[in-house]
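Below you'll find only one chain, the form predicted alone, shown as structure tokens.
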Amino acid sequence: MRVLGVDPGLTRCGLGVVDGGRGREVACVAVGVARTPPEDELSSRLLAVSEVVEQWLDAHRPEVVAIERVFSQHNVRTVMGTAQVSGVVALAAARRKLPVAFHTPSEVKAAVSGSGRADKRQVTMMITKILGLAEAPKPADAADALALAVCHIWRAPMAARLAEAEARAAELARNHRARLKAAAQATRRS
């Protein structure tokens, strides 16, 4: 499975492509950052990020796009920009009919470091080790993008099995309710 991980941001949007193999095998394909100047208009910045993301999607052809879920921070302006970049990335993926997965920062941290409370330095150190990189990806947004991709690769099989189990449980419940209804109707007729 090839995953494009995206750590959304207006000034720096981290991008990382990771291939997953058997078990927990992962390999870094590409890592980088889309940058936009803070003094530019919002629409121009979103367009610039969009163009870079489109280039990455075309160049690396991921099967899934994993985006960090926006969470509430104290700075509403920062949250709005991050959410808008997430939307631009999700739209670019949807145009290519690619599935999009959102992961919370704590899910990503737990997946790569074992602790949902790991700091950026710990995440960077662990993703460098997990992917066998010669040096740590910089800035932290790039490392976070790789961590998102790895998190998705490692969590996707479990999430798929859980979805299958939930669908099967729902089907069994529907069948059980139908049998109960049929039995109740049969009892009323007799």
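Keep in mind that what you see is a predicted model, and the values were worked out from it rather than measured. Residue indices: 1-based, along the sequence shown.
Keep in mind that the form predicted in complex with another copy of the chain is not shown, yet the notes after this line are about it.
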Query raised in the report: So in the model of the complex, are 169, 175 and 178 all sitting within 4.5 Å of another copy of the chain, heavy atoms only?
Result: no
Query raised in the report: Taking another copy of the chain in the model of the complex as the reference, which of 126, 140, 46, 52 has a non-hydrogen atom within 4.5 Å?
Result: 46
Report task. Tell me, out of 64, 70, 33, 28, which residue has a non-hydrogen atom within 4.5 angstroms of another copy of the chain in the model of the complex. Result -> 70
Query raised in the report: Does any heavy atom of residue 112 come within 4.5 Å of a heavy atom of another copy of the chain in the model of the complex?
Result: no
Query raised in the report: Quick one: is residue 90 in contact with another copy of the chain in the model of the complex, heavy atoms, 4.5 Å cut-off?
Result: yes
Requested in this report: Decide whether residue 120 counts as a contact residue for another copy of the chain in the model of the complex under a heavy atom distance cut-off of 4.5 Å.
Outcome: no
Report task. State yes or no: in the model of the complex, is some non-hydrogen atom of residue 59 no more than 4.5 angstroms from a non-hydrogen atom of another copy of the chain? Result -> no
**Report entry** in the model of the complex: members of 83-105 within 4.5 Å of another copy of the chain, any heavy atom
**Finding:** 83, 84, 86, 87, 88, 90, 91, 94, 95, 100, 102
